[in-house]
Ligand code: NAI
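This document starts with one chain, in the form predicted on its own, laid out as structure tokens.
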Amino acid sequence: MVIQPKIVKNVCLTAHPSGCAAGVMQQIRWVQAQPKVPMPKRVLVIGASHGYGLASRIAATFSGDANTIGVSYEREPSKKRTATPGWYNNRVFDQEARKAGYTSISIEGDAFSRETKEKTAAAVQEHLGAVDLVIYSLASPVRVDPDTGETYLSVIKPLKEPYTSLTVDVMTDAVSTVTIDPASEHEARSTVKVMGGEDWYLWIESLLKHGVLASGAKTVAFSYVGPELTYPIYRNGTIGMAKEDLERKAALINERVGSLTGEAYVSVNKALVTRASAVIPVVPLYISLLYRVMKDKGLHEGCIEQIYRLYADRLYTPGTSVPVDSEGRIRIDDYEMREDVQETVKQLWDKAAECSLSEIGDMEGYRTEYLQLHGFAQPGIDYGRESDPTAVDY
């Protein structure tokens, strides 16, 4: 079949096998060109198949010489339907890592379930013995509680009052005004259940129970703060409630792993084009303006650059403790949050309703990066030719 992007409401429903492979290979090659990082050799990544999770796995292996296990929830392909991008990414990464002599195991299943946790602990025991680093990078809109069987859905809404702001259609550049009604108490609680820290805590409990969390192990979960511009829909909204819960759980996990001299951190990362961020109202417009400013200033980083810097300059800098902010969080959003960057973004935001985004923003860069997450817009690939969606050909 000829595979083309199919996008509905900023969500891409298809993925190109060869294009996904090209994206993984680009990140591997970039990492291989960087200095090695003196980090642990046994790494578990939960939510490992795209975005920050995939970058965490690639950087751990190809800059830190780590053996890895990755967990993600994927849809398999058929002869008439493509898989999720992560299905292709996992297979390319596993193949390249094994070719280079590393252990690489991908477990595809519901990370929220007890079954997947048990399966993962058994794989750690069999293939790695224990893990020294656990990355929690799960991004899901739905969670089934393993104890009650209740299904929780996350929502992206403000709290208490409606929020009106600018947003953009990422495929047409059309800027419009959107009003989002506040979340109900039930919606807010559900979002915390899905996107908060409870499942991260349960993962650590499971690893401890099975005796596969090594002495001195670190665990890191990813978060975002952003500027005041996005606070109503993000930090002060339902997602913000979930991220605050994530930070509270970090403190509890620190207590649990204390006997192993382990450490738990929340890493606040830069705003980037991800499959999750594309559906958050307001955020794509902000990212477009941010990209323009950071590229002009030579400060732009993608997922792989961010994670490499997390490993090299934060978690595993020899002879130094992990640098954190006043709330105990690692900050690799420091370039994004520079005063000069945010002041320029704010000035452009005030012009966004009247000016063309091609003049003041980087929607072309945003759109290209979003398509590349799904294997499209990769140079050198003939997207008009027939492709087998069940095979990764690269």
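Quick note: we count residues from 1 along the sequence shown, nothing fancier. Values in this document were obtained by computation on a predicted structure and should not be read as measured data.
Omitted from view is the form predicted in complex with the named molecule, to which the following refers.
Of the candidates Y308, Y234, F93, W200, Y234 is the one whose heavy atoms come within 4.5 Å of the named molecule in the model of the complex; the others do not. For the options A100, A139, A123, V322, the residue carrying a heavy atom within 4.5 angstroms of the named molecule in the model of the complex is A139. Of the stretches 126-134, 107-115, 167-175, 154-162, only 107-115 has residues with a heavy atom within 4.5 Å of the named molecule in the model of the complex.
At the 4.5 Å threshold, heavy atoms of I180 stay clear of the named molecule in the model of the complex, well away from it. Proximity of E74 to the named molecule in the model of the complex: non-hydrogen atoms within 4.5 Å are present. Heavy atoms of A264 never reach within 4.5 Å of the named molecule in the model of the complex, leaving it off the interface. Contact annotation: M195 falls within 4.5 Å of the named molecule in the model of the complex, judged by heavy atom distances. Taking the named molecule as positioned in the model of the complex, the residues of 268-306 that bring a heavy atom within 4.5 Å of it are, in sequence order, N269, K270, A271, L272, T274, R275, A276, S277.
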